[in-house]
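We begin with a single chain expressed as structure tokens, specifically the form predicted alone.
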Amino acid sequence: MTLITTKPRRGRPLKSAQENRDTKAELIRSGLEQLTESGFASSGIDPILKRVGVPKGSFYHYFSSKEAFGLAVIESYANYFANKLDTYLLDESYPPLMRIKNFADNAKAGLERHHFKRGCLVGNLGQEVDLLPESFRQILIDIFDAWQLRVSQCFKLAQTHGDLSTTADCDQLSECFWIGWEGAVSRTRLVQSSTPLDNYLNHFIAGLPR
């Protein structure tokens, strides 16, 4: 009987499904670091690949284009940030307005930890929206809307606690909070100091209708 053997394949062995998931996650993580520091339009693929150690040819195994990669990074960041907001804004061990302050303190600590080099990815992309693929615009709007909804619900809870006027428009206050917050984050990165964030939050909370 003739024994039939399979000739080994040349080249790198095929990656397992787990290895593919891990590499894709590493690329998204690397992209998140790059885009929060430099934005989308000015970020090339090469430094992102270099951090992970993936050749450019392999990049397109995971993402069909830079636009598809950018969308994956945005989705990852949006999920991460939504979870962070929920961690603080749904923490029933603190009154509602203190929950917002706790979120702000955590965000400030993150900026300081990265030496003010990384900002808010969604805020950064919003500032360069005219340079981005048009597919990004509505996604960024939807993310801001989701964040605003969370803070609005926190304000409504503050109303039931007697810490905010019952006549306050919580949706409008939440929109104003995020508009001011993104500006404060931008100024904090510019001056490399947390003072703009502290000033903004203190004045915003002090100015709420009671």
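Since the model is a prediction, treat every value here as computed from it, not as a measurement. Start at 1 with the first residue shown and count on from there.
Just so you know, the form predicted together with a further copy of the same chain exists too; it's not on screen, but the next bit is about it.
When a further copy of the same chain is considered in the predicted complex, residue 144 lines it closely, a heavy atom lying within 4.5 Å. In the predicted complex, a further copy of the same chain lies farther than 4.5 Å from every heavy atom of residue 89. Residue contact check for residue 168: none of its heavy atoms lie within 4.5 Å of a further copy of the same chain in the predicted complex.
Contact check for residue 137: a heavy atom falls within 4.5 Å of a further copy of the same chain in the predicted complex. The three residues 94, 149 and 159 each lack any heavy atom within 4.5 Å of a further copy of the same chain in the predicted complex.
Exactly one of the stretches 129-137, 96-104, 67-75, 81-89 approaches a further copy of the same chain in the predicted complex with heavy atoms within 4.5 Å, and it is 129-137. For the residues 26, 175, 163, 33, the 4.5 Å heavy atom test against a further copy of the same chain in the predicted complex is passed only by 175. Contacts of stretch 178-201 with a further copy of the same chain in the predicted complex, defined by any heavy atom lying within 4.5 Å, are made by 178, 179, 180, 183, 184, 186, 187, 189, 190, 191, 192, 196, 199, 200, listed in sequence order.
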